[in-house]
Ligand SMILES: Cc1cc2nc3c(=O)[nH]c(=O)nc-3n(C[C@H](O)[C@H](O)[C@H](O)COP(=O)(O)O)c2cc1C
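Presented below, as structure tokens, is a lone chain in the form predicted on its own.
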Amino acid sequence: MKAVIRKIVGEELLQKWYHGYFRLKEKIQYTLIYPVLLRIPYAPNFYFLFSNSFSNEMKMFLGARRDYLKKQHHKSENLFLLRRNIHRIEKGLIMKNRRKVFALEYIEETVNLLKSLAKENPPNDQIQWAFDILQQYFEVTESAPKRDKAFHIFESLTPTFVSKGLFIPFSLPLTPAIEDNSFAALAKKRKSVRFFDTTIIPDRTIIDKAVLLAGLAPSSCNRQPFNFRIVDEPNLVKKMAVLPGGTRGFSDELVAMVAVVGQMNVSPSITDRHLMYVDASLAAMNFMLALESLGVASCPLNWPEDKRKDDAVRRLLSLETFERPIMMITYGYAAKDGKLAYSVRKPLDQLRKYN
């Protein structure tokens, strides 16, 4: 059929009609359909109801959620959950005004996870890290029913472990810009700092240097679908500091923040909707390493999928409808009395597989 039409009207006219059709379709979409969908609540849900554009993500999420819940309910081995819980306890331990007892809602779960993992795996740094943090937790917290119940389980593990005190919170050595011109030294030196000197904010010229270096990160077709919104005005910092996940306990210590904002309008294809997440993340790591090389501490802050928080940032920073925060980063000069979480990383055999 196409060959017959091509012979009748000619290749040039056919191409003109073909491209004209898509231009007309796109014009109808951006002048009529999309404006209506953006104004009517839940209209986008119905628009994509019979679309498979998001099916891979939905299937991946369902599979991941099923695996997570199955492990949680069967109390089976779950290293990811142990790492998360131990890090949460770590953060509690380094708080300046540390509560007398905390983590009660998940302390028993954490101890049971450690018990299960220690039974099924040979000794390793991750398990030792969990033991060391839990030991310090039980040493500094006061008696409470849930805490004491978890402690009795933990006591049964002590013959298996000997704490060397290596994997516990420690103080940051206060050095200026990095001297060694090696990437390995820079990567090892950078730590997530949550407590800052509140009397001084890094000069904007330093931050601009870091942003320029962040801009050197690889980006699909060099589109760079992101920008860095620097927030160093005190009142705005206060409003922004309470929005990311996990900042309770140190939000008052934050002196400046960066919203890494993704932009979805750089591609006409729905299959490119992840560009802003990938490219912005690459640039964000460049940015934090650049800050470290310039003597400025930083910490990436958890930014979960939460429409209310997205909308709050959209209002505070006057973002466009096609923009959204990908992540938050706080920065400043490390406080002399602040401590750091040790946060043991995965060993090589958990980080990589060949072929």
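Counting begins at 1, following the sequence as shown. These numbers were taken from a predicted model, which means no experiment stands behind them.
Separately, the form predicted in complex with the named molecule exists; it is not shown, and the next lines address it.
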Where, among 112-120, 190-198, 99-107, 140-148, do residues come within 4.5 Å of the named molecule in the predicted bound form by heavy atom distance?
190-198
Partner-free chain; cross-checking the named molecule in the predicted bound form, the single residue of T31, N302, N52, S318 with a heavy atom within 4.5 Å is N302
Considering the named molecule in the predicted bound form, which of F250, F161, F167, F154 comes within 4.5 Å of it through any heavy atom?
F250
Is the gap between K346 and the named molecule in the predicted bound form 4.5 Å or less for some heavy atom pair?
no
Closest heavy atom of G246 to the named molecule in the predicted bound form, within 4.5 Å or not?
yes
So in the predicted bound form, is the named molecule close enough to M327 to count as touching (4.5 Å, heavy atoms)?
yes
Taking the named molecule in the predicted bound form, which residues of 120-156 have any heavy atom within 4.5 Å of it?
none
